[in-house]
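As structure tokens, one chain now follows by itself in the form predicted alone.
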Amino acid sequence: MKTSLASVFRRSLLATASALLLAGALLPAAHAQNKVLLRVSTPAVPDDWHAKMWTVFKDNLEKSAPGEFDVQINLNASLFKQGTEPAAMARGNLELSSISAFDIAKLVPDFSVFTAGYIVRDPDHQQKVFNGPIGAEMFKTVSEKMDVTPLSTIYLGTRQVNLREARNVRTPADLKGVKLRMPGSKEWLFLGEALGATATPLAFGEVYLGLKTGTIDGQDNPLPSVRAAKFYEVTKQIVLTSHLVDGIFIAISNKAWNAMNAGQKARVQAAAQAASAYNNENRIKEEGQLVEFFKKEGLTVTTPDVEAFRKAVQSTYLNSDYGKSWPKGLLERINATR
């Protein structure tokens, strides 16, 4: 049976149309596959500045490179448990997270200098240290030893002592016998002891009840955390020891970082810097407002002899194994950074 020319033409048109429809359907999927996947894992809760900063990171990348990156933000430690992120990034199972100096010091002993009390003076000093030659050297070592690359430094707040019962605190000797809650690692407990207190490990989620029942006599945290966790409801005093200018670092897995071209790296680095700047500006502003807030809530806010604390704490560290692990001259270089 002969096939008409018109019939052949119709079949050809139908086949061409079907192919075009299929190609159109596959284009979005192919485009999505070509995006650079950046999964973010953080324990931060949605209302915290260092949770909101990840949206700034994502928006910045979308503006500088529309459609090029697929940034997936996972808050509340919903993707990886807090503390496990560095290992996940090293394995290539996670692209981005914020990691602490305490996390880093476990694998890079030189970095323990930034877990010590009274080393970093204030947020401005923190940024100058890590955005200068000291930061470049330290971050290079972190990249080599941990398979993650720090991109920017986030100000978490300046830690203060918060007591269940008010007392006259001028020097570390005045904290003798005080059961001061600290996070459970040996580095944190050492800091608590250096402050003159009896360092007591307790999970963050148990601190409120511990203060209420007297299991602990106090805790240390930046002022925004004291308000967020409502510790002011079960304490009577804040002592402005300012013993640790706390920071974390936006870091990316080396597997993801090394797979990017120079342009992509520059855009990711810029987005990380924008995210940090957003967090830092808002956190510093909030801290400046909180002393008055706590006073209105009925707490006594006092300032001790900070220089006496600084001398005692630094002496304790310098005479310890921690101090002995610091590279020669590093502390002096940090102190000289202006």
Ligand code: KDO
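Take the two forms, superpose them, and find the largest set of C-alpha atoms that agree within 1.5 Å; that set is the rigid core. All values derive from a computational prediction rather than experimental measurement. Residue numbers here begin at 1 and follow the sequence given.
There is another form of this protein, the form predicted together with this ligand, and it is not shown here; the text below is about that form.
K.L.:
Just one stretch in 220-228, 88-96, 192-200, 172-180 has heavy atoms within 4.5 Å of this ligand in the predicted complex, so which one is it?
P.N.:
Going through the listed ranges, the match is 220-228.
K.L.:
Using heavy atoms only and a 4.5 Å cut-off, determine which of 82, 74, 264, 254 is in contact with this ligand in the predicted complex.
P.N.:
Partner contact (heavy atom, 4.5 Å) among the options: 82.
K.L.:
Sort through 161, 250, 156, 148 and report the residue having a heavy atom within 4.5 Å of this ligand in the predicted complex.
P.N.:
Contact check passes for 156.
K.L.:
Can residue 299 be called a contact residue for this ligand in the predicted complex at 4.5 Å between heavy atoms?
P.N.:
The answer is no: residue 299 has no heavy atom within 4.5 Å of this ligand.
K.L.:
Taking heavy atoms only, is residue 50 within 4.5 angstroms of this ligand in the predicted complex?
P.N.:
Flag for residue 50 set to yes.
K.L.:
Decide whether residue 44 counts as a contact residue for this ligand in the predicted complex under a heavy atom distance cut-off of 4.5 Å.
P.N.:
Heavy-atom contact with this ligand at 4.5 Å: present for residue 44.
K.L.:
Can you tell me if residue 208 lies within 4.5 angstroms of this ligand in the predicted complex, counting non-hydrogen atoms only?
P.N.:
No, residue 208 sits far enough from this ligand in the predicted complex that none of its heavy atoms falls within 4.5 Å.
K.L.:
Using a 4.5 Å cut-off on heavy atoms, what residues in 88-122 are near this ligand in the predicted complex?
P.N.:
Only 100 sits within 4.5 Å of the partner.
K.L.:
When the rigid core is used for the superposition, does residue 146 move between the shown form and the other one (threshold: C-alpha shift of 2 Å or more)?
P.N.:
No, because once the rigid core is superposed, the C-alpha of residue 146 moves less than 2 Å between the shown form and the other one.
K.L.:
Does residue 205 show a Cα shift reaching 2 Å between the shown form and the other one after rigid-core superposition?
P.N.:
Yes; residue 205 is a residue whose C-alpha shifts (by 2 Å or more) between the shown form and the other one when the cores are overlaid.
K.L.:
After core superposition, I'd like to know whether residue 263 moves between the shown form and the other one (criterion: C-alpha shift of 2 angstroms or more).
P.N.:
After core superposition, the displacement of the residue 263 C-alpha between the shown form and the other one stays below 2 Å, so no.
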